[in-house]
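Shown below, as structure tokens, is a lone chain in the form predicted alone; questions about how it binds or moves come after it.
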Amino acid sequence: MSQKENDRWWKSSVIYQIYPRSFQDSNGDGIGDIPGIISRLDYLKDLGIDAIWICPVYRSPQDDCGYDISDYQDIDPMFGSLEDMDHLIREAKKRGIGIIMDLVLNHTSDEHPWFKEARKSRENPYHDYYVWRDGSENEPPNDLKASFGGSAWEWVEETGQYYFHQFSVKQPDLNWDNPKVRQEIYRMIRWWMDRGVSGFRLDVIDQIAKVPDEKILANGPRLHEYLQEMTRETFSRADLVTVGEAWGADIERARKFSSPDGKELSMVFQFWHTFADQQPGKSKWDLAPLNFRMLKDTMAMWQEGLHGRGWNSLFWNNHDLPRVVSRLGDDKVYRTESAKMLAMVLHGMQGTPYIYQGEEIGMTNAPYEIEDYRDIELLHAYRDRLREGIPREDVMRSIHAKGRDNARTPMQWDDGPCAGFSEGEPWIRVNPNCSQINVKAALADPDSVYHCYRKLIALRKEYPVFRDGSFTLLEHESEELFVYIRETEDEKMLVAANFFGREIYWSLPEEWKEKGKVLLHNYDGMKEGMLRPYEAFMIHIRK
């Protein structure tokens, strides 16, 4: 790998994800917006992050919270205006922060002008912009199911055909086999590049080359051809970061996606580690106790598999995943200790870390009643699982554990009635624990989760071993300890963590006792031969 490739700015960066409708409301309508994000840029600058990934703010009917886009080149009025977005890009840049847009290229809204035309007739010039198949009413082309429930095929009377949708019926899939579609997309991407964005997150990008007739929904035969063409015509023309959401990625595919040759993407989000607490072969709603060895081995596999041959994205949670301190830590007795432990384990690895809004203050899941939830996936799952005969208490238990709205409750800025998020009625309930867990309290407490994240971000910029070091997993057989070493020619670092809420016997090796410098620790002082509940530390040695 050349020095130029290794110096790409995003390899030393930490990225912060914002779910706009839940971050900060500026006008009292209960919905977060772009001016609200601008008002919090100084907070993010002080945290130390380098870029902000913003979930979709494009014009949209909001059937799937903005992932159903009706105009890629305009901002939905609920979030502000195009002028507001330009202002955000400028103000963020002043603070050394890049803006990463969320691009949904697999599908559009059914209210997009392209689809409104496409459904009029088979002869319409836009008809072939989408995936259609012949058939007769009530007899879909095949039995493929949509992710949100029901058939993946929807009948249109005007054309006497079915269109394909992998998600909501209001999210028809684009036909990437049509070169006109691809060129329209590339023009739109260059338009955003000209406005000064620093990169793109690409929603379900591994599904664009689908072959529904053969039931191939991800990693289709032309996927890498399309990604390389898109990069040539767009991303390669600027120093951008690109990250693709790729649920179907394995090590070999990820090496192609994120190869140092830069022909495709900077990195991908893969989700192997998120399966460690669900029943094998079942849905995410089918809960299982955490398989800690699987979690540990999976993360080690990706560290070792991409070292020098690709690049990892590092994340515990996002807008689609529950809060990590509730999922893998202890959100009650040891909330602070476990949140810091999880942060150290993740940020000590090689890759680009992503912090999801509120993660840096240890926000937790919100176990609401069903009427308080808003997520389309969650509500479909509730209906479908009850229909399958699953007891309501079991359905609610899985929703409380895995529902996407756990991550979408308003950001907790202070202990006020709406947590400082809005002066109006929030679009979704604020987590009641905002009176204890909030930014105001975190900033005032030097021992808070926030200050741990702030220190981690600073350490990643100070020590090259975070970016460049090899990864070696220790204590392979342990059912409680996550211990690894990062190493370069000049330095090495040990990260040790007790992943559970009980004391574990373990002694620090003599070399690290004698020569090591403690970079970060979530307890005061070491306890000889023992790791306390959720205890974690980082120790550094210069060779």
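Heads up: residue numbers just count along the shown sequence, starting at 1. Small disclaimer: the values here were computed from a predicted structure and weren't measured.
What comes next is about the form predicted in complex with a small molecule, which is not displayed.
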Q. The small molecule isn't shown here, but in the predicted bound form which of F167, W311, Y453, F164 has a heavy atom within 4.5 Å of it?
A. F167
Q: With the small molecule left out of view, choose which of K402, R408, K296, K210 has a non-hydrogen atom within 4.5 angstroms of it in the predicted bound form.
A: R408
Q) Tell me which of 40 to 48, 491 to 499, 475 to 483, 61 to 69 has residues with heavy atoms within 4.5 angstroms of the small molecule in the predicted bound form? A) 61 to 69
Q. Is W192 close enough to touch the small molecule in the predicted bound form, meaning at least one heavy atom pair within 4.5 Å?
A. no
**Q.** Partner contact for Y186 in the predicted bound form: the small molecule, 4.5 angstroms, heavy atom
**A.** no
Q.
Taking the small molecule as it sits in the predicted bound form, is H347 near enough to touch it, meaning that at least one heavy atom pair lies within 4.5 angstroms?
A. no
Q) Though only this chain appears here, would K340 touch the small molecule in the predicted bound form if you measure heavy atom gaps against 4.5 Å? A) no
Q: Check, residue by residue, if W285, R323 and Y368 all come within 4.5 Å of the small molecule in the predicted bound form, counting heavy atoms only.
A: no
